[in-house]
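Next up: just one chain, as C-alpha cells, the form predicted alone.
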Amino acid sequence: MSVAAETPSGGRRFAALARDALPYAGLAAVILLFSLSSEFFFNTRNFERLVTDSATLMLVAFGMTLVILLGEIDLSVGAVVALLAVILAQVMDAGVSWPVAVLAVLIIGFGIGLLNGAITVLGDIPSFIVTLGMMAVATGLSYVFTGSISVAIMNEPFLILFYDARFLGLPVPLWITGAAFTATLLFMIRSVPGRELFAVGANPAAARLSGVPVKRRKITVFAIMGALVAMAAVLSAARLGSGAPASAPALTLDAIAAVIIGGASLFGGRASLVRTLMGAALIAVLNNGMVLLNVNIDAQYIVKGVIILLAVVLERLASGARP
C-alpha cells in the first residue's frame, strides 16, 4: 500500500507545508537558540566569519540543486574542492600569478564536471557510482600531489581579495555567492534549458519524446556543478590560506543536506534554489553555533542527520510516493 493511500490528502497538504517551511523555521529556530546560548553569536566579527565560511558550502549547494533536480547525485564535490585547492596553492607556489592560477582551476573544475556528466550519461552509469569513483581519484591525487602535507598560500593579493576584501562594506565572498545564486536562479527559471531540467528530472522518457535533449542537459548540469565547485575551491583556499588534501571532509554531506532540507526530491523533478539557500544557511549557522558552544564533532553529525531524516520524511509524506 502506498503512502498516498495511507495518508489523507489533508495530511499530505500539511506535510507539504511543513516541508516548505522547514528551512525557514529551522533557520529562525537555530538563530534564536544560538543567540540565547552564546554571547559571541550575534556580533559583527562572527557574522563576517559565518558569511565567509558558508560561501563554499553555498556555491556547492547551488550546483547540487541542479544535479538533484535531475534525479542525479554528485558525491565527489568535497574531494574535488580539496584537490582544486591543492592545485591552486601549488600553481601559485610555482610562481604563477593568481589570476592565471584561478582561471586554470576554474577550467579544471569545469572539465571534471564535464567528465562526470559524460561518463554518467554516455556510459549509462548511475551518477553515484561515477562520482564515488571520482571522489576516490580526487582524494588520492590530493595526497599524492602534497605528500599529505598542506601547501601554504603566500600570495597576499589573492588572500586579501578572496577573503579579507570588502566591496560596499560587504565581504567579497558574499558578492561572489550572490552572483552565483542570481545566475543559477535565472538559469533555472528564465532560460529554456533551465526550465527543461524540471521535465527531465520528473520524467526523462517523456521529456525526450517532447524533444528535450536530455543527455545534453544532464552533461551541462554536471559541467556547471564543476565550475561552481572550482569557485568554491578558490574561496576555501583563501579562507584556509592553504591547499590541504582533507580540507572539506563534510562538504558533500552538508551540500546534499542543504538541498534536501530545501524540499528537493531525490528522485528528481522538484527543487527550489531559494529554499536551498535557506537550507545552506541553516547548515552554516548550525556549524558555526555548535563550534561556538564547543559541541563534539560526532554530536554535530547526529544533529544534522536528524534534520536530514526529518526533511526526507516530510518530503515522502508530502509527495504521497510509494516508500
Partner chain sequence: MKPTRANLADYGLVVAVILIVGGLMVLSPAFRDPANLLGIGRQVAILGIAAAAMTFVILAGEIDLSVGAVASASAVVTAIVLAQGWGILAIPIGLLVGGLFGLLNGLLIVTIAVPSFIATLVSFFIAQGVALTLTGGQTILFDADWFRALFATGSFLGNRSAFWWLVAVALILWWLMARTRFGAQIYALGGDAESASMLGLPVGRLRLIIFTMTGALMGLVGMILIARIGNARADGAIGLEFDAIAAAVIGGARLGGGYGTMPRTMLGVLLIGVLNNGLAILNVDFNTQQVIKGGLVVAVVLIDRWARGKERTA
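Just so it is clear, the structure is predicted and the values come from calculations on it, not from any experiment. Residue numbers count along the first chain shown, from 1. The term rigid core refers to the maximal set of C-alpha atoms that superpose within 1.5 Å between the two forms.
Although not depicted, the form predicted together with its partner chain is the subject of the following passage.
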Among 26-34, 252-260, 273-281, 59-67, mark the stretch whose residues have heavy atoms within 4.5 Å of its partner chain in the model of the complex.
252-260
Heavy atom within 4.5 Å of its partner chain in the model of the complex: which of 91, 108, 176, 75 fits that? Just give me the one.
75
Does any part of residue 205 reach within 4.5 Å of its partner chain in the model of the complex? Heavy atoms only, please.
yes
Would residue 119 count as touching its partner chain in the model of the complex under a 4.5 Å heavy atom rule?
yes
Whether residue 144 contacts its partner chain in the model of the complex should be assessed with a 4.5 Å heavy atom distance threshold; does it?
yes
Partner contact for residue 132 in the model of the complex: its partner chain, 4.5 angstroms, heavy atom
yes
Residue by residue through 119-146, tell me which have a non-hydrogen atom within 4.5 angstroms of its partner chain in the model of the complex.
119, 123, 124, 125, 126, 128, 129, 130, 132, 133, 136, 137, 139, 140, 141, 143, 144
Kindly check if the Cα atom of residue 295 is displaced 2 angstroms or more between this form and the one not shown relative to the superposed rigid core.
yes
